[in-house]
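Presented below, as structure tokens, is a lone chain in the form predicted on its own.
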């Protein structure tokens, strides 16, 4: 059974960069945000790798990446991502940072996917469970609501297709365990955790083939306004505090009690 797999993925600043919030007209932003090197969000990257792996196992499947990000930065990032696996792109030109509202982001992604009018009988929507810029864990659930999809799986680590079209999904739960669910058939939304696949190696030929489709898609990127949906009193870096004591013969319980008291202060 071939699948129509749509992956939702935004961008994140390179984690090696120092990020400094600054006030903006409507909401805070990052200092020199457009100059910061970016990467495809790590959570979304896992979703994209898992989508490509599933499509490879089922001939005839297609993978589409729907990305909400500034068009110029998206082009820079895709120069690298396009070399790793084949996919089609639908670009939305809009703000994408930690101050964007999850509801507005999910709404924009859901409406963009709905415009593609994908066949529901073999549709799988992938995305990151959370993100490096926004830890709400709510975007994929909002996308599912917009598309009218009831089967939503969060913190997914593995999907295994069975004979007859059903598939097993492993979701993380507390205590290092997994909850295993069986879904009888698509459509379904899967919000991925880290999965279990390594990052694919670069393949220049795949990159060249992808860019022939990606560049026209970027030129036609739909301008998308994403409101903050909230107000911010202030945004600043956390203060660095270091208090060091050297003690001997102190029990673990006493150390834990002191740490708890320090955190309360």
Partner chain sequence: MATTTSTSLPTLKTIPGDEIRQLLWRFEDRYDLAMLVQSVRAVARGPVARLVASGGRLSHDWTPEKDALLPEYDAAGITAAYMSPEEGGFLEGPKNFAMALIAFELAWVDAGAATCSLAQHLALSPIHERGTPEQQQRYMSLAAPAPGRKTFRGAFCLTEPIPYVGVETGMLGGRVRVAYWPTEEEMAAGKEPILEVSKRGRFITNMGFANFVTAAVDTDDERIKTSCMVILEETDEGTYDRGTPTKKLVHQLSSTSDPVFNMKVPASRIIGGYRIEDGKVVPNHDHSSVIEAVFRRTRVGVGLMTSSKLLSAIEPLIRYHRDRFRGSGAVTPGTPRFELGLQQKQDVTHRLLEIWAAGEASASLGFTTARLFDELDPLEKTKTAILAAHGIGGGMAEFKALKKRQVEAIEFLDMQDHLESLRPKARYQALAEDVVVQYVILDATANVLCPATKLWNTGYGSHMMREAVSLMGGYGITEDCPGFLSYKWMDTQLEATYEGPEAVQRRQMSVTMTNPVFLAQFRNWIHEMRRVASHDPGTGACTLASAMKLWTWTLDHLQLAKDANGTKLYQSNRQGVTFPMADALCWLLASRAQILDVERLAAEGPKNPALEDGLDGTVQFLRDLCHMQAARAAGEVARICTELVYGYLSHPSWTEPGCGACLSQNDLVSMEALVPGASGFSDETVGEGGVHETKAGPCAVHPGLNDFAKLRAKLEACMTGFQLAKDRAGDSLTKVMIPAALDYPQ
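Basically, rigid core = biggest C-alpha set you can superpose within 1.5 Å across the two forms. Positions refer to the first chain, counted from 1. Quick caveat, the model's predicted, so the values are computed rather than measured.
The same protein also exists as the form predicted in complex with its partner chain; that form is not shown, yet it is the one meant from here on.
Taking the partner from elsewhere, every residue among 34, 202 and 211 has a non-hydrogen atom within 4.5 angstroms of its partner chain in the predicted bound form. Taking the partner from the other structure, its partner chain in the predicted bound form has no heavy atom within 4.5 Å of any heavy atom of residue 194.
Residue contact with its partner chain in the predicted bound form: residue 133 places no heavy atom within 4.5 Å of it. In the predicted bound form, residue 80 approaches its partner chain with a heavy atom inside 4.5 Å. Contact check for residue 73: a heavy atom falls within 4.5 Å of its partner chain in the predicted bound form. Look at 149 to 157, 165 to 173, 110 to 118, 82 to 90: in the predicted bound form, residues with non-hydrogen atoms within 4.5 angstroms of its partner chain sit in 82 to 90. Using a 4.5 Å cut-off on any heavy atom, the residues of 6 to 20 that reach its partner chain in the predicted bound form are, in sequence order, 16, 17, 18.
Put the two forms on the same core and the Cα of residue 14 is off by less than 2 Å between this form and the one not shown.
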